[in-house]
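The chain below stands alone and is given as structure tokens, in the form predicted alone.
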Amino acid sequence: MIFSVEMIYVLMGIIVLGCSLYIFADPSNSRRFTTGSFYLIYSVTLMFGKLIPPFYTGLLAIAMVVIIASGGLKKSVHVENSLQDREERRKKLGGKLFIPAILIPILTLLGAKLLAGVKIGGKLLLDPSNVTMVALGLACIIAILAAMWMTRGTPAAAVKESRRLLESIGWAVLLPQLLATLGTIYTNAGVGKVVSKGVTAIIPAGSLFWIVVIFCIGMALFTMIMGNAFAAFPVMAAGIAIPFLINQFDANPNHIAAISMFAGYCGTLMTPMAANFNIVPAALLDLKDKNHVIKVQVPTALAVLLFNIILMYVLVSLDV
């Protein structure tokens, strides 16, 4: 293949490596060596993750956690243009400012739908194992080039801005990788069986309503803990959905899977562990309260969770 998933990770690692080098060279950051080391280690895991044995990758992850726990991660002070200069550039570019941001979803969709299976010289253009991710990575690269062309910026400026955003996110940048494995670990550890025993001990036998309530709320809570509904689903499915809703009440698995994921997404709206959705927007908008996004979303999340409980109960009742 011409563009693989691994290439996207390597490009991400190169950008993070550049950010770490800028941090090492920044005398204004009193903890530039530990902060730079944190992002340097992170860049190594991105660039060489496929080559490094899992045990040593685990050691690198522990090293990053130690840096965080010891207070070695500190955000640098970034010198920005004056408000007047930024306002003048904003007026000059006008609506064109949104072009790079709009390009990303458009090109990702087009790439994933139109370029899947396309071959050039007998080689697949995009990695078939994850066409969407490769398309997203290429779309981001094109968007960066478009932004540089529009603003007459340089690659160095792009790396510096990436550094500013990366430092704004801070330790939360690790969450996607760490949480991606959490669901499997919980399942293999037998957490689902423990949940199943707990439900059996607490809920009266044959109480469909309370099983649905516990299942949907459990999906939301586990998602809040793990930061990802996909990680929460295997645990809750093994503990409640399969033994009770599907085996005992003969519920439609498609209904259960779809609605349970929506219930999990309600948890996504209410947790800082879902860094991509809740921490990154706060950083992008420079909000003083980093939890402001979550606070605004809580009422909507609770209302949607209640609707999911009612919907699942009604559909399972009809299946019985």
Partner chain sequence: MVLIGVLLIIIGFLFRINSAVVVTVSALVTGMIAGIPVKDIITQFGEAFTTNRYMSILIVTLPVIGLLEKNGLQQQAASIVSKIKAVTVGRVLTMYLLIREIGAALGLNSLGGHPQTVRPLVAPMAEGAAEAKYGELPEKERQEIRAHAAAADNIGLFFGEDIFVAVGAILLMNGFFEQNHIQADPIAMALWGIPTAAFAFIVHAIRLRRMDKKMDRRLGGQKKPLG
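Residue numbers count along the first chain shown, from 1. The shown structure was predicted, so the numbers you read here are calculated from the model rather than taken from an experiment. Basically, rigid core = biggest C-alpha set you can superpose within 1.5 Å across the two forms.
As for the form predicted in complex with its partner chain, it is not shown, yet the points below apply to it.
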- Item | Of V131, L175, L125, I211, the one that lies within 4.5 Å of its partner chain in the predicted complex (heavy atoms) | L175
- Message: Taking its partner chain as it sits in the predicted complex, is L21 in contact with it (heavy atom to heavy atom, 4.5 Å or less)?
- Response: no
- If you check in the predicted complex, is R89 within 4.5 Å of its partner chain, heavy atoms only? yes
- Message: Residue-level question: is T35 within 4.5 Å of its partner chain in the predicted complex, judged on heavy atoms?
- Response: no
- Hey, in the predicted complex, does N254 get a heavy atom within 4.5 angstroms of its partner chain? yes
- Is any part of 265 to 282 within 4.5 angstroms of its partner chain in the predicted complex by a non-hydrogen atom, and which residues would that be? Y265, C266, T268, L269, P272, M273, N276, F277, N278, P281
- Message: Rigid core superposed, CA of N291 - does it shift 2 Å or more between the shown form and the other one?
- Response: yes
- Residue shift check between the shown form and the other one, rigid core fit, L221 Cα at least 2 Å: yes
- Query: Fitting the rigid core first, would the Cα of Q248 be found 2 Å or more away between the shown form and the other one?
  - Reply: yes
